[in-house]
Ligand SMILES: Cc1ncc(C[n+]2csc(CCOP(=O)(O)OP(=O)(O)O)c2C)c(N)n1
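Here you get one chain, nothing else, as structure tokens; it is the form predicted alone.
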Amino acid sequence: MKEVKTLKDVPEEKFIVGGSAACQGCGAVLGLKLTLKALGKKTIIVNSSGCMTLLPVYPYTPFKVPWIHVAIENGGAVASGICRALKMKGRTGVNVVVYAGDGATYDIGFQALSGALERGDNFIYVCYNNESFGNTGVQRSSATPYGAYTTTTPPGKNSHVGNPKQRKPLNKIVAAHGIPYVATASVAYPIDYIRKLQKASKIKGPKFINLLSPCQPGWGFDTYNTIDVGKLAVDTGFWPLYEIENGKFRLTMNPGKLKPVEEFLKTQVRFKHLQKKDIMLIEQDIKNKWRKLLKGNFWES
């Protein structure tokens, strides 16, 4: 497939059609469309239970590629099984992709993911990260950022900040498995994401991409603002874009001087309860981590 450098290089063929039950402005659906554009028809999608499970309604499907719905906890194990079956049958050139939410990746499915990474099977794992258990009512996951409202971390008398915990450093945990490729991406920067997918498809072994997928009902923004919210996450340093290839860290996008994180936070209902002191704490944490990333100190960030 031709290397994608600009939007003009993005393939026109679509492998997922419209008309699904997904929410308007769904970042995860956009991410799935980009995934299939990047990897093409010879792709098998493994979908752990989550928001994307709503897309096909038996006997109908919006997919033009094989799509396998599995339990929320075993996406990594199913990917391993498919990889081994393809190898036994002598099939090559097939992209096996797990497309799973953060609940199925950071939390319930982490054991299966870790096992698959350790075995070294040849697949791409994309976490469409909407920073909550979105499909079951926007409960907190360990990908939920500090201060965010969820239905299980509402601000109140005992905690005015909402979620009192920091996000689990999953990218570091995954990278510590010694796999050949780890990256972050955002649906708001499609060329960066597509190029990372295409690079990952050429690398043998397990690959992991953490894809920020803004969630309109879970985060609380207008349906037409998905891309703007996603861009602000990157431009404020809330969600840095980088890759780690064979242990070598590289920022793939440097917005220069970061915008104040308040510009990102104020776009969403989930942060509206935060006080100025809370926002200052988030800002300082971002600046500290960003300085380290600029120096290439991924493990210290």
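Worth saying up front: this structure is predicted, and the values here are computed from it rather than measured. The first residue of the sequence shown is number 1, and the count goes up from there.
What comes next is about the form predicted in complex with the named molecule, which is not displayed.
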Out of 212, 126, 104, 182, which one falls within 4.5 Å of the named molecule in the predicted complex, going by heavy atoms?
104
Though the named molecule is not shown, can you say which of 136, 114, 166, 92 has a heavy atom within 4.5 Å of it in the predicted complex?
136
Since the chain is shown here on its own, which stretch among 65-73, 269-277, 237-245, 37-45 would lie within 4.5 Å of the named molecule in the predicted complex, judged by heavy atoms?
65-73
Using heavy atoms only and a 4.5 Å cut-off, decide whether all three of 51, 108 and 130 touch the named molecule in the predicted complex.
yes
